[in-house]
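Just the one chain here, the form predicted on its own, laid out as structure tokens.
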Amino acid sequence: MKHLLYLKNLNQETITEILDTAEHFLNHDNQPIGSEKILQDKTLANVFFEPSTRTRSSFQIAARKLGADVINIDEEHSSRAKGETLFDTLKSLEAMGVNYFVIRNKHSGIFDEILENIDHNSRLINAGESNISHPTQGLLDLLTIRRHKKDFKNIKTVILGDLSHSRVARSLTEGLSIMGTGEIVIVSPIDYKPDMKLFNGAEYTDNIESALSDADVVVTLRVQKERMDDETQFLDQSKYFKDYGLTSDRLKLCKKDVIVMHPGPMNRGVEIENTVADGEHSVITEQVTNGIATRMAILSIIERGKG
């Protein structure tokens, strides 16, 4: 694995290796031991042209734990604001000795162009591409599910929310399908129904009650107003919560040991009720911790594979 761009490009063996390596780091409190500071004398650049708290911070922590130097760059404070192209920015960073690029971009299709322009020794990780892909979020979600459910084959996973604008939903569905998940149900209002060709292996419904029935895992998503071309697409928040919010009453439809997940940021009272977000079934903060271990695993596997 030289780069990580899309979960659909990985096979079950590679994903299992990533999850196993992440488990190793979790078992050591997300601390490398012995010779695992394998990014010593390496530099990682977080190049984020969209806002981020969890992804950027966890990559920064993960890289530093592995021994790397880290620099953070955003559009507002970079030469992009002066008209410089992304490719010239990356070339300049390579000239400064940057080895790893973790990039988030609001436009789709950018990563193929980046691969054609970066040095062959550079490593590229997709930290979020438009509504297309978010592979590291997908992997940390798979890790969280596996730690609680052990086996993907016999579980029902429900992904609930604004599916038409969600890169998280697409990447997680790709990962769940690769891992052979028993049943994947995606549920949203018709207004937010995605192109089902992009959700291979999943079943769509707009009926939240039937979707949640006997669910083992529920992943709920926020409504992403910033990705909507037309403000009329943004449904009334109170009506959305009434019709599609994950409430404690609706959670009773699921299995007794259901886990509730959310990639963040949460909009409480819109897609999720406080009592659910903070309740006994919630593993939302655990996802954040797992994100560090997962990103440590990805970076270490890429570095070890350089040969």
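Keep in mind the model is a prediction, meaning the values are calculated, not measured. One rule holds for the numbers: they count along the sequence shown, beginning at 1.
Beyond what is shown, the protein has a form predicted in complex with a small molecule; the following relates to that form.
- Exactly one of the stretches 38-46, 23-31, 240-248, 263-271 approaches the small molecule in the predicted bound form with heavy atoms within 4.5 Å, and it is 263-271.
- The shortest heavy atom separation between residue 51 and the small molecule in the predicted bound form is within 4.5 Å.
- For residue 171, no non-hydrogen atom is located within 4.5 Å of the small molecule in the predicted bound form, even though that partner is not displayed.
- Contact annotation: residue 181 falls outside 4.5 Å of the small molecule in the predicted bound form, judged by heavy atom distances.
- Taking the partner from the other structure, the small molecule in the predicted bound form has a heavy atom within 4.5 Å of a heavy atom of residue 134.
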